[in-house]
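As a starting point, one isolated chain is supplied in structure tokens, in the form predicted on its own.
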């Protein structure tokens, strides 16, 4: 296995997405590993757009990919929007400049490639014949011995032709930084197309030319490219170029063991972004899917991952996408945000609360929900407890108030609430004092209820349902501190009257 400790300087890696869709989390992990490796080695991270598939490539997808990478904090040093000394950084622009055709002519001149005039129908028949014999489909070199002069005459007459790479006998060895040594017999590879009949370069050819011209030293990508690496090594060898070091990480699988796809839920970075996940949590989780730092810790900042990332610590085993673990990490990162950062992150997810709250109320409400959010998208529902009370008549939990013990809790709570010192409006600076006053009030209420043999659980649930119409939500001290004193009194009185009326109805019915 190649040692990553004998690295050339400077290290240059690239992430090369195709703008045919949005950024999948699997592709984002590839970008992340390239980024971490480059930053750890004080190297260069290149972003290259592979857009030679003109029929499927879209500018809006390119913009979306760049936006998602920037949101994740994976800053690139060279790319289509930044330029660089070794561009262009879009394959379509490089193809238009004739960069690929020049390399193809060189291979043709050295008899390392040849024109193939076979139709798609014949190639499909050949494929089916191979499959019927339980053989791996590969080209039979029917056009491999056509004299160059004859081929040029047919081209001049308008006959379409691709260019195939001539694979010599023997074997190809891929020394991989993650997988180790993998051997591919030449017969398994077969003569592959490097230039399509429409004149466009194939993936395996364009990638080699681009990586040579951009002086890429390490190629880090998914293990589904391992066979491509064997083909690409042959092209490097034919062009007398030193190949980069390869590292092929495992793919991301769904919980059922299949490749992660839409059937498993959200799969794109944009979807997770809209669902309220933090970029710090996304890259933290993606890094851990096949890698772990020497310390074994799980919650990490980007700076910590850069410091500890080493490619030889990336595991070969498949990575299973565990949404529960992502949720856990996202909650940790949410709780670690300072007040200003949390306010900025949560603002797009506030819903109606953003327009209903005063500055002071919002300060308390944000403190309340920050400790319990799994995603930022949960904020609207939790903030509703402060600003959008669910009517008791419509709340399923309201039935829990219709008993003597709950009635007594409400009476005691009203007496305690009346003793609280607080104004109708709050300010952010006083939030801490309000919260502490609420804690003391609840502690006193708990003591009184115990004396009357009312369990703390019933006390807390009664209080919460009375204030919000819900049995769960923000911690009660925060909730009390975030509500105006008059609002607390009105909601407790409404709950008491609601329970009393229904208890009275029960008594009459009896």
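If you're wondering where the values come from, they're calculated on a predicted model, not measured in any experiment. Take the two forms, find the largest set of C-alpha atoms that superpose within 1.5 Å, and that set is the rigid core. Numbering follows the first chain given and starts at 1.
Keep in mind that the form predicted in complex with the RNA is missing from the display, and what follows is about it.
Triple contact flag 184, 318 and 324 to the RNA in the predicted bound form, non-hydrogen atom at 4.5 angstroms: All three within 4.5 Å in the predicted bound form.
Contact test in the predicted bound form: residue 155 vs the RNA, heavy atoms, 4.5 Å: Answer no; every heavy atom of residue 155 is more than 4.5 Å from the RNA in the predicted bound form.
Can you tell me if residue 242 lies within 4.5 angstroms of the RNA in the predicted bound form, counting non-hydrogen atoms only? Outside the cut-off, so no.
Since only the chain is shown here, I'm wondering whether residue 18 would be in contact with the RNA in the predicted bound form (any heavy atom pair within 4.5 Å). Yes, contact at 4.5 Å.
Check whether residue 359 has any heavy atom within 4.5 Å of a heavy atom of the RNA in the predicted bound form, and answer yes or no. Flag for residue 359 set to no.
Looking at 289, 392, 247, 280 here, can you tell me which has any non-hydrogen atom within 4.5 angstroms of the RNA in the predicted bound form? Comparing distances to the RNA in the predicted bound form, the residue within 4.5 Å is 289.
Could you work out which of 437, 251, 384, 86 is the residue within 4.5 angstroms of the RNA in the predicted bound form, going by heavy atoms? Contact check passes for 251.
Quick check for you: of 158-166, 75-83, 338-346, 407-415, which stretch puts a non-hydrogen atom within 4.5 Å of the RNA in the predicted bound form? Single hit among the candidates: 158-166.
Scan 214-235 and note down the residues that get a heavy atom within 4.5 Å of the RNA in the predicted bound form; none is a fine answer too. Going through 214-235 in order - heavy atoms within 4.5 Å of the RNA in the predicted bound form - the hits are 223, 224, 225, 226, 227, 228, 231.
Compare the position of the CA of residue 173 between the shown form and the other one after a rigid core fit and state whether the shift reaches 2 Å. For residue 173, whose C-alpha is compared between the shown form and the other one after core superposition, the shift is less than 2 Å.
Once the core is superposed between the shown form and the other one, does residue 77 show a C-alpha displacement of at least 2 Å? Residue 77 C-alpha, core-superposed: shift of less than 2 Å.
Taking the rigid core as reference, does the Cα of residue 26 move 2 Å or more between the shown form and the other one? Shift of 2 Å or more: no.
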